[in-house]
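Listed next as structure tokens is one chain, alone, in the form predicted alone.
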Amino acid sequence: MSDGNNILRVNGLKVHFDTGRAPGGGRRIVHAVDGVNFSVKKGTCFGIVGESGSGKSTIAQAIMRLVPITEGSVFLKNLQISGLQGESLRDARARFQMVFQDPFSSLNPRKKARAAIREPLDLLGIGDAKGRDEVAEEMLTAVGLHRDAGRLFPHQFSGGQRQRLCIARALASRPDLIVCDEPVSALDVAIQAQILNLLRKLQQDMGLSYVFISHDLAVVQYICDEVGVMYLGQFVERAPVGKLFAEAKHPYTWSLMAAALSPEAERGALAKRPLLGGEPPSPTNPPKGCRFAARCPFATEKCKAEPPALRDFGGGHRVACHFAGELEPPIPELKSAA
């Protein structure tokens, strides 16, 4: 039985892709996500951050059942959505919706805004025609657009307004969970702040729960309650947002923070930054030890031979590093997202 306060539970999630025959025989398997656990409490935002190719967007797609799950389970409250198929999955989709990265390609250019917002209601058979139009207009107002905007086509909106439409569409079915996959990365910085503030306001007004995918630590720091740092398909660190940014313990997290330094902080901390060179190992052949060892300036032979467990450091702070707590480089202040 789930904790009644958890909207989402992800247990041992693995997503592997068979990309064909490997040279010399066997199959080439991409370990996109390789054993991930986390939960999202009602009314909170869980952030997932990492480099491109770390597997964070694959987690989002697995939760939404847009890619096959190789192993593990995903529960929405007490409903195991990872086990649903066909009509059962279709019926459950009203409860979990997604906001994608590119607001223009997410919208049908031939459908007016009102039709786009009511589309999930039409597809899922929720309410009658009049009621769906009323919901669409209500959602337009909720995201800060005028009701008359429902008569316009997507190309008649700015990028930020189009993302507001996508958020309105995600809200239309009154979901328990919204998965946001890089929802502001395609927008100008000033518009990013507006959309982030909108998401926070909607969360407060409607009690929404989010999974928020981003490569931008400053954005994650602003909007999330808890953060998981991903590297090559696994969490290397997971903590409440305040604890992560004040007491990060994994060298990869330090490297991400160093990359996000403001110019003022960078001048004083440049010589102390942990150096991160090279490229991540291939996800088709992950190393047997710590997956970060080849790029870590602190790695030992133990790191290369033994995979570290995600150890508990108290207060919900977990770190997958053999020497976590023993290494203490400074953590400079990040730029503000809004």
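Counting begins at 1, following the sequence as shown. Since the structure is predicted, the reported quantities are computational estimates derived from the model, not experimental observations.
Although not depicted, the form predicted together with a small molecule is the subject of the following passage.
In terms of contact with the small molecule in the predicted complex, the residue from 30, 310, 69, 64 that brings a heavy atom within 4.5 Å is 30. For residue 283, a non-hydrogen atom is located within 4.5 Å of the small molecule in the predicted complex, even though that partner is not displayed. In the predicted complex, residue 53 approaches the small molecule with a heavy atom inside 4.5 Å. Heavy atoms of residue 176 never reach within 4.5 Å of the small molecule in the predicted complex, leaving it off the interface. Proximity of residue 182 to the small molecule in the predicted complex falls within the 4.5 Å heavy atom cutoff.
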